[in-house]
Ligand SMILES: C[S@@+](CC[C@H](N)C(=O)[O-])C[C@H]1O[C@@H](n2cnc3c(N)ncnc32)[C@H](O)[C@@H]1O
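Listed next as structure tokens is one chain, alone, in the form predicted on its own.
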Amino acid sequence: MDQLEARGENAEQIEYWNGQAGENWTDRNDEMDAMLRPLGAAAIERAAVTGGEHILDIGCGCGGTTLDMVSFVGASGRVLGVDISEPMLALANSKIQQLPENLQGTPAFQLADASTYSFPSRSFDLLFSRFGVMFFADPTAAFANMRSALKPGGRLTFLCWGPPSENDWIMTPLMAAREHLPPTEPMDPTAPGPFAFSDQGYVTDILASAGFSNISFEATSPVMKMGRGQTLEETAEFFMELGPVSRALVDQADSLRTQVKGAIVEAIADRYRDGFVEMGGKCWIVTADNGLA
């Protein structure tokens, strides 16, 4: 699979997810799937996926949700997973062979920027995503482009993170790391990133402007379980390889990384039990309709 050229408004994201970040997520795929699959399953249930449907899975990463939906749509359905990360999609493609032979033709994966890719018009019953739609430079244009792939009356279901203050599993290690990182300018809360869709009003405006209707939000507050059953120090590396801390540590010296690791170990020590760290989270299951006749 060829690497996607880093160009256009999402060039920074394409470069990031085809670099060390994509490699880290691929290496920790089993760990991430174990942590996020229950949330994805709740969103799939909310989407009411049925046999024979054609589904577009945006930001599918290593293919977990794409393949989970195969059993719902069956051999007569189709699930297309789209992502900008070549290393993650390479792993996703390798998983197809693990499906029953009669279902191996149901999923497919496309290396593409979903905000601009020319999807076949009016071809999908459902536009789905598990934490993959918060990273577009122009989210309204991106959703308008993806909506063009939905059939009349098609539907949208996606998961996104709620406010940072209610996602302790991300903010606790990040705040610990910031004590040792160079000062940075405050970020625009709607800038591409995990919390870009935390505000319901902002997301509603995006989806309405893109042409969606009947927009609704369902809150869920999971307990996030992180780790591989390893030592506290090894578990701290999870936070250094994924998410905002990983991005902040790009090109930083080893000495600073050592300081950050020590700070994270101290911050999560009281949450560590038997090789895992448990902390609270908050996310939205967002649903909407295409609304076309």
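Because the structure is predicted, anything quoted here is derived from the model rather than measured. Note that residue numbering follows the sequence shown and begins at 1.
The form predicted together with the named molecule exists for this protein as well; it is not shown, and the discussion that follows is about that form.
Asks: Looking in the predicted complex, any heavy atom of F109 within 4.5 Å of the named molecule?
Replies: Taking the distances in the predicted complex, the answer for F109 is no, it never comes within 4.5 Å of the named molecule.
Asks: Within 4.5 Å, heavy atoms only: does D113 come near the named molecule in the predicted complex?
Replies: Contact check for D113: yes, within 4.5 Å of the named molecule in the predicted complex.
Asks: Find out whether any non-hydrogen atom of L156 is located within 4.5 angstroms of the named molecule in the predicted complex, and reply yes or no.
Replies: L156 lies outside the contact set for the named molecule.
Asks: State yes or no: in the predicted complex, is some non-hydrogen atom of W17 no more than 4.5 angstroms from a non-hydrogen atom of the named molecule?
Replies: Output for W17 is yes: heavy atoms within 4.5 Å of the named molecule.
Asks: Looking at 85 to 93, 70 to 78, 196 to 204, 170 to 178, which lies within 4.5 angstroms of the named molecule in the predicted complex, counting heavy atoms?
Replies: The contacting stretch here is 85 to 93.
Asks: F217, P222 and W284 - do all three of these have some heavy atom no more than 4.5 Å from the named molecule in the predicted complex?
Replies: The answer is no; none of F217, P222 and W284 reaches the named molecule.
Asks: Within 4.5 Å of the named molecule in the predicted complex, heavy atoms considered, which of L36, A42, L249, V265?
Replies: Contact residue from the list: L36.
Asks: Listed by sequence position, which residues of 121 to 137 have a non-hydrogen atom within 4.5 angstroms of the named molecule in the predicted complex?
Replies: The stretch touches the partner through R130, F131, G132, F135, F136.
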